[in-house]
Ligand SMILES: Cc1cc2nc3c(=O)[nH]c(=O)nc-3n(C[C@H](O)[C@H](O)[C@H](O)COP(=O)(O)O)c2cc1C
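Here we start with a single chain on its own, the form predicted on its own, put down as structure tokens.
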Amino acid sequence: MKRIMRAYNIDDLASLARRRLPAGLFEYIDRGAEDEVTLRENHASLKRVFLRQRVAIDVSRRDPSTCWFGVRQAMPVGIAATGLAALISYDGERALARAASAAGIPYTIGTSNFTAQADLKEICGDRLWRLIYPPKRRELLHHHLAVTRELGIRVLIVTLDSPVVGNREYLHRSGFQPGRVGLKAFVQMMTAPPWLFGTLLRYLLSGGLPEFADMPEGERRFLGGTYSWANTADDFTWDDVRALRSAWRDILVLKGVSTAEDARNAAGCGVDGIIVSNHGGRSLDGCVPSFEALPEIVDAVAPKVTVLVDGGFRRGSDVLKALAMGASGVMVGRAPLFGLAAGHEAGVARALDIFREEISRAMALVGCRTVSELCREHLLASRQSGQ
């Protein structure tokens, strides 16, 4: 716990995670596709815009809370869906859910979840969100919808930015391919005793590696099973989105939208929300950074459609920039995973505490008492950015 509390920012947690995980597993969290241009620019684009600080304002009482889809959130940050969280730390999905619930923010569970949605719903209540990749087999999509609907999960997120898997060359080199583990990966496991004994061996001693909890019978095995990580539909169109809108009567959010044209298409289909995202730089390398894509999408569809954003956010001041640009909030993926790897639930809680403390501090220094006061007048583009 002392080690976790000495992590003063998200990069400190990332350093702790790097020391505890096998190298290839850390790369799976941390790295991006091909030359990683978009991965770097997601973060760098935030630093090319500055906050205009207003002074002589009473900021003694600050409220960072907000409301997303009718549910009050303690701060404008949610935990995004991240693959293989349960392999980062033992029972990692429950740890993420408990930390999110304690922090009063949403937790998103992905399609390849090892912990049943029913268990996570008990922890998170209405703050549990479900993310789905459109599968090639439409009957599998209907299976996921049925499970999610039966549990009363209100927010459904559909990822559209990865019709094929991004070219992540580092996975081939490390041997940590999802669903397959090569010889190099086994060697790396042996050199990471905290993870080896604290995660892998705990699973083996308690009945074996976890399986995909909410997949149909016969498709739940992680290693050596029939599930394919390349099974995302590459023929999913706006017609399918409209059909999904008809089938799903609660909150529908599209993730991976990065142009005004697609934002207007999404609004025309009747979606409730958009997550501006490029998959954290893990799909198409060289595409527009999320923060730079944000303003045109806000201008195209907000406030009719709730606009969230992810990609490169590691500081509370970064979150304020997104809010000032017009986003309703920010989804974070890598940051809570770094915390999870560094210290299980306490590490996730520390990551969220860092965001909350930095957001509150930045609000005071900018001169805002509520997040709704933030607007584009609080932003100034760097002269070097050419904007």
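Numbering starts at 1 and follows the sequence shown. Bear in mind the structure is a predicted one, so any value in this text is a computation, not a measurement.
FYI, the form predicted together with the named molecule isn't displayed, but the following is about it.
Any non-hydrogen atom of His279 within 4.5 angstroms of the named molecule in the model of the complex: The answer is yes: His279 has a heavy atom within 4.5 Å of the named molecule.
Exercise: Tyr133 in contact with the named molecule in the model of the complex, heavy atom 4.5 Å: Taking the distances in the model of the complex, the answer for Tyr133 is yes, it comes within 4.5 Å of the named molecule.
is_contact(Ile29, the named molecule) in the model of the complex, heavy atom dist at most 4.5 Å: Within the cut-off, so yes.
Contact of Arg127 with the named molecule in the model of the complex (heavy atom, 4.5 Å): Heavy-atom contact with the named molecule at 4.5 Å: absent for Arg127.
Answer range among 307-315, 189-197, 69-77, 244-252 for contact with the named molecule, defined in the model of the complex as heavy atoms within 4.5 Å: Stretch 307-315 is the one.
Among the candidates Ser258, Ser89, Thr159, Thr148, the residue which, in the model of the complex, approaches the named molecule to within 4.5 Å (heavy atoms): By the 4.5 Å criterion, the partner-contacting residue is Thr159.
Answer option from Leu140, Ala81, Ala213, Ala185, heavy atom within 4.5 Å of the named molecule in the model of the complex: The residue from Leu140, Ala81, Ala213, Ala185 that makes the contact is Ala81.
Members of 86-123 lying within 4.5 angstroms of the named molecule, judged by heavy atom, in the model of the complex: Heavy-atom contacts to the named molecule in the model of the complex: nothing from 86-123.
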